[in-house]
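First comes one chain, alone, set out as structure tokens in the form predicted alone.
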Amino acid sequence: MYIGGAEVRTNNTRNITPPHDHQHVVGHYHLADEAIVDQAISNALASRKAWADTPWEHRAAVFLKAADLLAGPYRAKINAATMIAQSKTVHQAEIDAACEFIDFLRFNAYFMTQIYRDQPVSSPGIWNRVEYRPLEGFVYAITPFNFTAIAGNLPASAALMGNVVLWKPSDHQIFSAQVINEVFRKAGLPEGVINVVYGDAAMVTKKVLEHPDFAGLHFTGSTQVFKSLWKQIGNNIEKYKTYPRIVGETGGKDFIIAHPSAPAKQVATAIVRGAFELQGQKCSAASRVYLPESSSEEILELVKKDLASIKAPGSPEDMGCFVTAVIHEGAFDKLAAVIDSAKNDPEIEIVAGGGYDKSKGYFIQPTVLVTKNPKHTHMESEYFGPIVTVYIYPDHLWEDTLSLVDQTSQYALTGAVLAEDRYALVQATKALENCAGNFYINDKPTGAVVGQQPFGGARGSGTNDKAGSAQNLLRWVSPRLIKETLIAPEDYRYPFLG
């Protein structure tokens, strides 16, 4: 762990093992106890004033240097760590751990300059200005296993705006988190600005959320955990010096809907890429699909043909692998149970995949289910794995199906519509405006690019604060308006009293 720039070891350790080769130990990490968490918070707060007083140009310079380190001497290292411990293919590691993370760091600095440039109008004799102060306290960043870029951005974005951060990475992302720490230190991030602890999430979180100086939560993870955190914050609200900022990006049951005018091959490609890249372990991954009856058979045949051409799930060391392992045994067991349930469900037909094996790695075969029940649990529940469920609708019920898509899931993260009929695209864009924070036309529902497609959803998918944009950075500042009167009045009487 890292507190005040120092490495902290407790000798209470767990192993780091690759999901694709779970008997191979690549390292271990140390677990915090309550005293370590207290130390991390105290150290961050002691570092707060110096960091908050650091000119914004110098804060930006630290993270811009980190971006250049990632683009150059650390590029292979952070990609390799992501491949080894998170089982990402070389392609997925490059677009995440290198490209997206670099973009976050560079665009955040750019957006920060835009925020500071935004100043109020001043009347004659008055100068109005806004200071974008960091929050009064510390920010708690809880990050996921699936994206190294998200893991680095959540603490970095808050720190860029002058905040100090306690960062709790996922237990399954610690190898690449170690590289992120190394890069931040090499870039000159002062001691105590981002303190890092590992360990029991419930214990760490309880300690953090009971602290009176807790000022903000930056979270990416499951909907259930986020709701639990929100409840804990609400229950502790009397303890805090200020109302905490709560920013969360959570789950999704992301959709693809194809219009009868959509080219079958385009739809099939959107399904295969959208549902199975990174083994479906993206909060944006397509996991429910709506196909028109007239072209459904052709689309599904093309999907099956594509899946037949994909190698069996394997190691990221094999550069020809499109899919590898799911993250850990718990995820494997859950997904295997879903597949077993589908095999015995009269409302489900397995049209592709359905296999799994954890003898060497946690391998789940890309699986396509078809159901005649549009409200089946497989159309509503998030599984976070390489399983996609298809519902086939009658062509003449296009508009009714749009309503069905909107009403089926508690989530509202991403979604995609494919069509060549422009009126159909207009209909879908309007009908589905509330069920996807990121909406894709004639594309898969994944792959948001920093600075181009700010990412986030609403409903059960989070607070929609749009990572990779100025909107997110604004959550980590507390503006102060300063009005300066250039020539102060010396008589209380207004003109009307004359």
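All residue numbers refer to positions in the sequence shown, first residue = 1. Every value quoted in this text rests on a predicted model; they were computed, and no experiment measured them.
What follows is about the form predicted in complex with a small molecule, which we do not show.
K.L.:
Tell me which stretch of 222-230, 311-319, 70-78, 338-346 has a heavy atom within 4.5 angstroms of the small molecule in the predicted bound form.
P.N.:
Contact-bearing stretch, as computed: 222-230.
K.L.:
For the three residues Glu277, Pro386 and Val388, verify that every one has a non-hydrogen atom within 4.5 Å of the small molecule in the predicted bound form; reply yes or no.
P.N.:
Judged in the predicted bound form, none of Glu277, Pro386 and Val388 sits within 4.5 Å of the small molecule.
K.L.:
Which of these residues, Val208, Leu307, Ala424, Ile150, gets a heavy atom within 4.5 Å of the small molecule in the predicted bound form?
P.N.:
Flagged contact: Ile150.
K.L.:
Exactly one of Ser295, Asn236, Ser170, Gln365 has a non-hydrogen atom within 4.5 Å of the small molecule in the predicted bound form; which residue is it?
P.N.:
Partner contact (heavy atom, 4.5 Å) among the options: Ser170.
K.L.:
Should Pro144 be counted as a contact of the small molecule in the predicted bound form, where contact means heavy atoms within 4.5 Å?
P.N.:
Heavy-atom contact with the small molecule at 4.5 Å: present for Pro144.
K.L.:
Even though the small molecule is not shown here, does Gly252 get within 4.5 Å of it in the predicted bound form, heavy atoms only?
P.N.:
Because a heavy atom of Gly252 falls inside 4.5 Å of the small molecule in the predicted bound form, the answer is yes.
K.L.:
Does the small molecule get within 4.5 angstroms of any non-hydrogen atom of Ser461 in the predicted bound form?
P.N.:
Ser461: yes, in contact with the small molecule in the predicted bound form.
K.L.:
Check Ile126 for me: does it contact the small molecule in the predicted bound form (non-hydrogen atoms, 4.5 angstroms)?
P.N.:
Looking in the predicted bound form, residue contacts with the small molecule do not include Ile126, since no heavy atom lies within 4.5 Å.
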